[in-house]
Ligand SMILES: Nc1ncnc2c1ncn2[C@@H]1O[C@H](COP(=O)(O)OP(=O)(O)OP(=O)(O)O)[C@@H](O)[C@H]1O
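Next comes just one chain, in structure tokens: the form predicted alone.
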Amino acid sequence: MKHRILIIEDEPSMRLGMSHFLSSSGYNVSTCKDGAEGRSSIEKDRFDLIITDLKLPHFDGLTLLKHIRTVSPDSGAIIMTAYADIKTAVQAIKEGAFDYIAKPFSNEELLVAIERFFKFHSIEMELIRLKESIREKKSFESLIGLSPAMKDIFDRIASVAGTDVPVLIQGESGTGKELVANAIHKLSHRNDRPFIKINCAAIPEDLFESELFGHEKGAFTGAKETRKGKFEFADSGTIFFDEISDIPLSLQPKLLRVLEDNIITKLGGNTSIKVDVRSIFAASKNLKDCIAAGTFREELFYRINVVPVVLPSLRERKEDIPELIDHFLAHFKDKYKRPDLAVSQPAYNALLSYNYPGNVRELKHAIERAVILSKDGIIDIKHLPDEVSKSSNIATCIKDALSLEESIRCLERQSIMRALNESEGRKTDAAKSLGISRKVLWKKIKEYGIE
């Protein structure tokens, strides 16, 4: 696609000569004969580069330059000037012009200045893209996953982050709702402004209104001074309501009014306060079930559910478990200074086969526990939570379509081996954990050929 250049020059022969030369050099060129015409063109069309004389009828080059910075800040500008006005041209560069070129100049000098601008602009755009890419990576770095479900989540976050519309993040406990809220804020234009988090399940009902909107001195017993609420602290930034389903029913109409009007009133006060806040909400409960139960207002639901982000459970994206294991293992190896720690194959298989009702949070805690308990540089199955290791036993014993009797024998053998591992070979302790006598345990060990 050809670069678009606008030439603003009041001398006809020079204007025509420049236009002809640059058009033949592969540029899309428009021309204007004075400052007023140039200003009008800048307002109507977008140009990659504007080349303007410093002295023009109606509006001079400096005035045009200021207008360019206002209405078309992405356009570059090169000033043409006589030698006597070099000082003014330098002033133009300070105010945003890319370069100046002194009259008289050759076509080659003009072309060199233009090509230098477009080369610089190309590098500048690449740096911007690189910074944006790094920023997105940092924003997403705690959200791990290559599954189609997670790619959809990343796309949704990137699409909504640059807007100010409310976002409702839904998902089971432990799926990473707060991480999504963090990513949306970091990728937004409010990323350098406050990010205030509220756990709606942790605030007593009688303090909720004061917590959100603040209170005046004497508004209630113990209100010894005027206090700001979360909305004022979040002004110009983002406010995150975690577990929004737990907000008191009596307070929901007031929250709805604030979301619609962006105006709050302190508890015990009469003055309206304007706030500029972007709102993000999260819920692990199904809000439609809450509406049916009469604990959540339907009109508030539709106000906050402008853009829904539904997080999948970990069992719905099991292909992400290996990457999550690697991520958390690297993190905790560094945290607990265990750089040479490795995971045994049985332990790794157990981590892969478990369904994780607690989702990513449960996997994270399982690996942290294993790193702490492990010895001799190896995480073994005995270092994992019981529910994880038992899941591995079940998966091993049913995967080969064994008969019922064979499956039961397999599970019994696996349970005995796990008990012996956990007791470090102490038969009395292993028998106690299995709920059998030491004599029966010895018999089973011999029966299954366990060493």
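Heads up: residue numbers just count along the shown sequence, starting at 1. Here the structure is a predicted model, which is why all the values come from computation and not from measurement.
Separately, the form predicted in complex with this ligand exists; it is not shown, and the next lines address it.
Distance criterion of 4.5 Å from any heavy atom to this ligand in the model of the complex singles out 284 from the list 284, 374, 313, 72. Of the candidates 266, 186, 317, 278, 317 is the one whose heavy atoms come within 4.5 Å of this ligand in the model of the complex; the others do not. In short, of 142-150, 112-120, 225-233, 96-104 it is 142-150 that has heavy atoms within 4.5 Å of this ligand in the model of the complex.
Remark: residue 297 does not count among the residues lining this ligand in the model of the complex, judged by a heavy atom distance of 4.5 Å or less. Among residues of the shown chain, residue 244 is not one whose heavy atoms approach this ligand to within 4.5 Å in the model of the complex. Within 4.5 Å of any heavy atom of this ligand in the model of the complex lies no heavy atom of residue 326. The closest non-hydrogen atom of residue 76 lies beyond 4.5 Å of this ligand in the model of the complex. For the partner-free chain shown, 360, 361, 364 of 356-371 come within 4.5 angstroms of this ligand in the model of the complex, judged by any non-hydrogen atom.
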